[in-house]
Each structure stands twice: as structure tokens, then as C-alpha cells.
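Before any questions on binding or motion, here is one chain by itself as C-alpha cells, the form predicted on its own.
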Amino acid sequence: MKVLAVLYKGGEAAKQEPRLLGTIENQLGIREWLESKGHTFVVTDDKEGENSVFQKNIVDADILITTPFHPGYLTGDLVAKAKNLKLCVTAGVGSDHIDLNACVDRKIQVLEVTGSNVVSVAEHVVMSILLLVRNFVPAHEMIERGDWMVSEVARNAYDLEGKVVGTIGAGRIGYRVLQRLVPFNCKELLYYDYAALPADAAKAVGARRVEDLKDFVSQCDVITVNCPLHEGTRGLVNAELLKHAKKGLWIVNTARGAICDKDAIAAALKAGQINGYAGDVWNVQPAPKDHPWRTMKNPIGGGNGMVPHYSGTTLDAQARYAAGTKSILENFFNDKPQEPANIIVGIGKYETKAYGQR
């Protein structure tokens, strides 16, 4: 079979660090194995436009492997051209870069390595909450400049203890965020999700469900976004919703950039309606150099904790999602059942409630 992988360019770092498995240089560690089985393996980071390696090769590829960190966007038009395509594998978590409805119609399976990055992302969320609440970035930038004016950074630094923190989405990542917040003695932990947590799970973290999103944001000092991107969550955090938010809200989004309206976030931060926004996901990846989230600030010059999409691609996570990708391929080649939790789209139907119409 022809296997096409869209991965990210690692450069000199990937040559020096072979554990950077998600790169075009280290190729998930599966080239030798695939070729020993007689398969053709095409790996690229060139994914934009009809003349890209991605779009030229998708027309006769049997299997597509992508990552959320440098996604090859498999649109409905490309699905129609991909006459041989049978399987899409996300080396990581999050398959919104694939037109899932088109794959349902074409009976193309879509799988991801569920759980491979949940700890990595949950840790990044907690780190991002703290750097916003403690006003860390402006404080560090002050030191780099050679300045020392404690009042300039302390005037917007707070404790996390005593704050109300809520997660939009309390699945594998959202719940782990709640677990990690328990020792901080927050005033309350809230969650907004289409499904309630099991009673024992909610009790274990002391979390309260709020079923109305506007009511949810009005109660929170900090919101973290941990839900998938699909038709129902695109633009979920927008200008209208932010009108109901508590003034000075901090937002952390490590789920998908398009869940938050980029212009509404930038405007709200500039106006001081929200105090900070952090995360590693962007509505287009790589983000254009003029993307407002790169440089947006609150009125006193802080509140930006944005980084490239890397929270789920630590070296530990890369080992997990590379191994998981190989396992999915082995099962597919040998006609063995897949792990149910990894299946997003089975043969002609959704196998998860995380995507598609509920």
C-alpha cells in the first residue's frame, strides 16, 4: 500500500534528538518497518496548495497519517480525489483537520491515538493558568530587558487559590486538569459538558456541573477549553458569550484554536474585558505572522501566553503516539479489530460522540 504522512519539519533539532518522532526527519520511527512489509512510505511537511506533495500524493494514497501539530487538511474535495484512501490516522489526538462527514460517506476509517497526549496537555493547561494568573510573561520580559520594577508586574499578579476555575469539556484532558487543580485550593471547580461526569468522578475532584454556558462563564475567574472542535463548538467562545463573562477572566485554550473566535478574543483582551489568553492552538497552523494572537496584549501590556502547538508533542507524548500509530497500522494490515477508543469514524459511521451530530 501507499502510506502518506504529513509531519512537521524538525530541522537540526530532529537530527540531534531522534526521539522527535513526529518530524519528517524521524518519520514516527516506522519507515524501515513499513518498507520491510512492501509498503511505499511518502513523508512530507509540504501541505499547502494543489502542487504540494500532500495534495499530489493523496490522489493514490491508501493510508494518510497526519498530526494535529502540522495538519494536512483533508477537505471534502480532497477526499473525493483520493480514490484509494481507506484509512486516516491522526498521530496524536484531534481529527478536526479531516472532513469526517466525507469520510463517513466514503467509508474511509478515521482513527487517532486516544490518550497519547492527555497528561502532556493537562500539565500544559495548569502551567498556562499559572503563568496568566501570576503575570509571569511580563515579569520575565522585564528581567530580559534589564529592568526591575516589581510594582509593574505585581499589580496584575494573583493567587490561584480562592479562584473559580471551570473547564469547557470534562473528558480525558478536562478531567485530568480538574484533578491537577485540586491541590491549589480553588474556591470552586466547575465544568460544562454535554454529559455529566459519573457521580464518583465528580465527587473525587469536587466539581460542579453548570449546564448553561453563559451562566458558566459568568461564574468563572479562569476558563480552560478542553473539548473537540466540531460543528457545535466552532466559534463557541465568541463576542456574544464574552459579554456574559466575569470581567478580568483568564482563558486557556489547548483544544483547538477555532473554538475561540480569534478577533473577539483579541478585542476583548485589548479592551481589558478579559485579562489574559494562553494556549498553543491556532485556527490555522502554522499561524500566519500577522495573526492577532501573536502580539495581542491587555491594557497594561500583559496577558498573552501563546506558544506554537506543542503541548501534546512532548518527547514522552511522541513516543506514545508513534507506538499507537504503528499499532493501528498493524491491526489494519492484519485485519484485526482496532482499540474501540481510537476509532473516530468506522465503516460508514461515527463511533464516538466527540464528533459529528449528537
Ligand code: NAI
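One-based numbering along the sequence shown. All figures in this text were calculated on a predicted structure; none of them were measured in a lab.
Heads up, the form predicted together with this ligand isn't pictured, but that's what we're talking about next.
- Although the partner is absent here, Tyr192 lies within 4.5 Å of this ligand in the predicted bound form, judged by heavy atoms.
- Within 4.5 Å of any heavy atom of this ligand in the predicted bound form lies no heavy atom of Ile251.
- For Gln179, no non-hydrogen atom is located within 4.5 Å of this ligand in the predicted bound form, even though that partner is not displayed.
- In the predicted bound form, this ligand stays beyond 4.5 Å of every heavy atom belonging to Cys103.
- Between this ligand and the residues Gly232, Gly206, Gly162, Gly272, the one pair within 4.5 Å by heavy atoms in the predicted bound form involves Gly232.
- Proximity to this ligand in the predicted bound form, defined as a heavy atom within 4.5 Å, singles out one entry of Val222, Leu85, Val281, Val89, which is Val281.
- Picking from 179 to 187, 147 to 155, 232 to 240, 70 to 78 the stretch near this ligand in the predicted bound form, with a 4.5 Å limit on heavy atoms, gives 232 to 240.
- For the three marked residues, Val3, Asp46 and His97, no heavy atom of any sits within 4.5 Å of this ligand in the predicted bound form.
- Residues from 160 to 175 that approach this ligand in the predicted bound form with a non-hydrogen atom closer than or equal to 4.5 Å are Ile168, Gly169, Ala170, Gly171, Arg172, Ile173, Gly174, in the order they occur in the chain.
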